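Okay, so here's just one chain, in structure tokens, the form predicted on its own.
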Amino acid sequence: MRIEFVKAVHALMEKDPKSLFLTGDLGYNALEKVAQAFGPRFLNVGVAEQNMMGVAAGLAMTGARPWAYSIAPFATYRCLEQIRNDICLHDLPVRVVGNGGGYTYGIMGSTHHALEDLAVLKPLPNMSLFFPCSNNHVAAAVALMGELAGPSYLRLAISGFQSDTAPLAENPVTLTRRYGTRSRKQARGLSIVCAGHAAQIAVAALALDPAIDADVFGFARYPFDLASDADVMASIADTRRVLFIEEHYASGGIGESFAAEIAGKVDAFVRMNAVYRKDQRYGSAAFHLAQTGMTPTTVLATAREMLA
């Protein structure tokens, strides 16, 4: 997703002279063209993410609209206080970008995994979260973030189970995508709802069994606007069974908030999410997803169990 993000932000900065780009000494082999094209509007603040957020806030107070980029754990956990106090409490148009959401940086271990990033940012005042489902979803998120008057966070990631399957539909307001439609062989079927790039696991599961009686949706924005996501809500009203998938810990995740939103509207709500294990080993993103029980095969098995 990083390459698509750079293309999108480059195009946005060409149109918006008030947009600036800050990096915490990261983005090699990706950000060079941005640096060359925009000169003084590109700042490498060094390995100093906390200071970067303060600088971004100060620039925003002068009327600029900065983007502040680092890998997700460093862009969120390391400088949470600065994001809260300097950016969110002042409702400033700073766009925080975290590359490597979920298990993207798998082999580099827990310090580089971002499995709580949405949870720590979600309760902050004025903060909007964007978590695209795939590479070709990033540009739409960047465009919407560029229009916001307040702070936002963009979670970039690489799925362990990439798929080239195009979405059947995309909501231009919420960015929610529909990937699969029920065959309606059964009376009710199942609604599979995913947060961001976890949708790729569900898409890969559909490829294993295209006849599975399930609607599949990928959410990409929080706070929710379920009034605009009528397609999702109609599916849930019809099936009354939801399988929610996210590459994030359960506590504080998007699934936790979604469950609260639809409380009383479903008969069954099952979550598949990242799980911490003290004895866990380290490998690729796909390795971690398999270790935590989130694969196309396990999604399919869970879906079949819920449909039984």
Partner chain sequence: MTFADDLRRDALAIRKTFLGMHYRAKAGHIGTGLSAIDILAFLHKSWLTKEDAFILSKGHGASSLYATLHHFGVLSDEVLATYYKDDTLLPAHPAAGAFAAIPAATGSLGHGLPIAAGMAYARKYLDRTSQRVAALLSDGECNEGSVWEAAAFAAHHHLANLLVIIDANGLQGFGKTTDVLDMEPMADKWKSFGFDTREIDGHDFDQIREACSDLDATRPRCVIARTVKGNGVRFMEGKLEWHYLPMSEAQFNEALADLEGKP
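Residue numbers count along the first chain shown, from 1. Please read these numbers as outputs of a predicted model, since none were measured by experiment.
Only in words, not in the display: the form predicted together with the partner chain, which the text now covers.
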Which residue, I262, V55, A250, L26, is the contact with the partner chain in the model of the complex, using a 4.5 Å heavy atom cutoff? V55
Are all three of Q50, Q82 and N85 close to the partner chain in the model of the complex, meaning a heavy atom of each within 4.5 Å? yes
L89: heavy atom within 4.5 Å of the partner chain in the model of the complex? yes
With heavy atoms only and a cut-off of 4.5 Å, decide whether Q36 touches the partner chain in the model of the complex. no
Is there a non-hydrogen atom of R41 within 4.5 angstroms of a non-hydrogen atom of the partner chain in the model of the complex? yes
Test of understanding: in the model of the complex, would M294 fall inside 4.5 Å of the partner chain by heavy atoms? no
Just one stretch in 239-247, 27-35, 278-286, 41-49 has heavy atoms within 4.5 Å of the partner chain in the model of the complex, so which one is it? 41-49
Within 4.5 Å of the partner chain in the model of the complex: residues from 4-25 (heavy atom criterion): K18, L20
